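Take a look at this single chain in structure tokens; it is the form predicted alone.
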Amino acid sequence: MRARDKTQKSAVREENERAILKAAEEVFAERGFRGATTGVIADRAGIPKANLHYYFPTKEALYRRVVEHIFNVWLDAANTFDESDDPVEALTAYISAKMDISRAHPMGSKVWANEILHKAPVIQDYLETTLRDWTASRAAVIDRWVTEGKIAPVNARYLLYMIWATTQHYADFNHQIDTLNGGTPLDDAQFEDAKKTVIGIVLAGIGAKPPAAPSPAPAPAEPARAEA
């Protein structure tokens, strides 16, 4: 097969997978794992059911891919803990990213929420490995900030749980927010204000303050003038 043909085939595969995953997020969010069928997902994606099973042999395989996708997006958001050792910078970027994800991927977040509400019948192993290890690594960073006096003493896991609950509220309960906003989604300015509010409350609650700005250097003294 020529390189051009391979490239075209790869592009088609990627496009089909994107369509399937988008449709699967919507259907799993609306119907849950048990209520969803691969036939409905295929129809929503606009492809034959046989094509869907070519990429994902079972409904469970597709479901796990959807869950892993949203979780990996969340994991990437927490890279800010590695990119900055300043809690103000790291937490500001993390919370901002998590809220942006809720706005961009509300269906994926709802799939995750539904799975957890039902005691994770499909992804319990994922919680006991990937999520547990990731949470321990982020909590260790927060604990170090406490030890170094950068933030007030706080239970790192409870802080993470609070951030997750608050930021994901904008995905899982977006209909409630829209209704209370006059029946329309938050516009860009409102959403930025919501982010600033959440960030401000969290940082204030743990005593995290921006580093003090360096004092300006004293102005050089003017040379003495010679008397006439």
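Not measured: the values here are computed from a predicted model. The numbering used is simple: start at 1 and walk along the sequence shown.
Beyond the structure shown, there is the form predicted in complex with another copy of the chain, which is absent from this document and is the topic of what follows.
Interface residue among Gly182, Gly46, Gly39, Pro57 relative to another copy of the chain in the model of the complex, by the heavy atom within 4.5 Å criterion: Gly182.
Note on the partner interface in the model of the complex: the residue among Leu75, Val88, Ala113, Val141 having a heavy atom within 4.5 angstroms of another copy of the chain is Ala113. Contact check for Leu159: a heavy atom falls within 4.5 Å of another copy of the chain in the model of the complex. Heavy atoms of Asn79 never reach within 4.5 Å of another copy of the chain in the model of the complex, leaving it off the interface.
Shown alone here, Ala11 lies farther than 4.5 Å from another copy of the chain in the model of the complex, counting heavy atoms only. Residue contact with another copy of the chain in the model of the complex: Ser137 places no heavy atom within 4.5 Å of it. Proximity to another copy of the chain in the model of the complex holds for all of Arg34, Ala120 and Leu127, with the criterion being a heavy atom within 4.5 Å. Interface residues of 153-189, taken as those with a heavy atom within 4.5 Å of another copy of the chain in the model of the complex (partner not displayed): Pro153, Val154, Asn155, Arg157, Tyr158, Leu159, Tyr161, Met162, Trp164, Ala165, Thr166, Gln168, His169, Tyr170, Asp172, Phe173, His175, Gln176, Ile177, Thr179, Leu180, Gly182, Gly183, Leu186, in sequence order.
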